[in-house]
Ligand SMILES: Cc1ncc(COP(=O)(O)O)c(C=O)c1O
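Single chain ahead, written as structure tokens, the form predicted on its own.
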Amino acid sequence: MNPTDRFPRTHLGQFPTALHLAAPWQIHAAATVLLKRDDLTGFGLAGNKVRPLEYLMADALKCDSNVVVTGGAAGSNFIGACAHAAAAVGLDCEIEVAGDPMEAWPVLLLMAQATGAVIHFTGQDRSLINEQVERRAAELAAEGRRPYPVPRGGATAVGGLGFATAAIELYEQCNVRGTDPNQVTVVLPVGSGASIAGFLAGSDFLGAMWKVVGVSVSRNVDEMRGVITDLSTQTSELLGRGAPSMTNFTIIDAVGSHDQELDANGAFARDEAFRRVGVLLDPTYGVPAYEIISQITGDSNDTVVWWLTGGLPAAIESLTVMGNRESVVAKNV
């Protein structure tokens, strides 16, 4: 039995997402590389964010809430996805955005606005977003609304259920392929920690002995490990279990490895992934994960599962930032 089946869930995405061979990579890689295509979850441009949101929106409805309050940086994948999910289930949404208003809004913030979400720029650092979300939720409650506050990235035990389900999904797919789950290394980018914490909780429930590598792009590894440990324990407790083992979990620091305007190494990695593997990577999550994958596949005999989390708007914006540098334009003669 899937233990997450007893929790309310609003089905928004198309699951299971595909798991397929990254065939062109095999020319250089010693290991088999499988792509887990959460960039193609089928709900707007939400990518993997739709997994926690299916449980969070269902929980908000169960709590009889009528407005979701969340927040993040202006380019956050989660805030756009959350606003879209709230609208899809008939809930209002308010978003606390770190920093000050800018002239050109990122695509996902524009998408949030298009759903009817109310957007507040806090003027404060991103690290204070969760406090701002709670403050706004308290204000709405004082006005007679029924708010459902969601921290950055949906990092709650309920949100973790989305990737606990994902772990079970991957385990079943590996068995169907004839791939031993215990000979697998899963590489997953880490922002808020919600995805990998849920994945660890689901892996513990299964008894899966695969290796899990988190590529931390938002916070230093010591802080992130603590967040993941706490959140995975809370998610496991929802599943009726104790704290999951961290024995096979490794977290790698990739904080600040790339900005929106990629350096030469980042641009090369992005272009290689697109040309050779057929995927479009965003600078914050996708490119650092690709670089770690490139290292792992050189000296591992495990099957490597590269979890593509999405980030397509940022990936396209990255191409726009790069413009037509060094391009060759043919003239008609």
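Numbers for residues come from their place in the sequence shown, where the first is 1. Fair warning: this is a prediction, and the values are worked out from it, not measured in the lab.
The form predicted together with this ligand exists for this protein as well; it is not shown, and the discussion that follows is about that form.
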With a 4.5 Å heavy atom cut-off to this ligand in the predicted bound form, the contacting stretch among 202-210, 171-179, 94-102, 186-194 is 186-194
Answer with yes or no whether W306 is in contact with this ligand in the predicted bound form, where contact means some heavy atom within 4.5 Å.
no
K49: heavy atom within 4.5 Å of this ligand in the predicted bound form?
yes
Could you tell me if Y285 has a non-hydrogen atom within 4.5 Å of this ligand in the predicted bound form?
yes
Report yes if any heavy atom of T165 sits within 4.5 Å of a heavy atom of this ligand in the predicted bound form; otherwise report no.
no
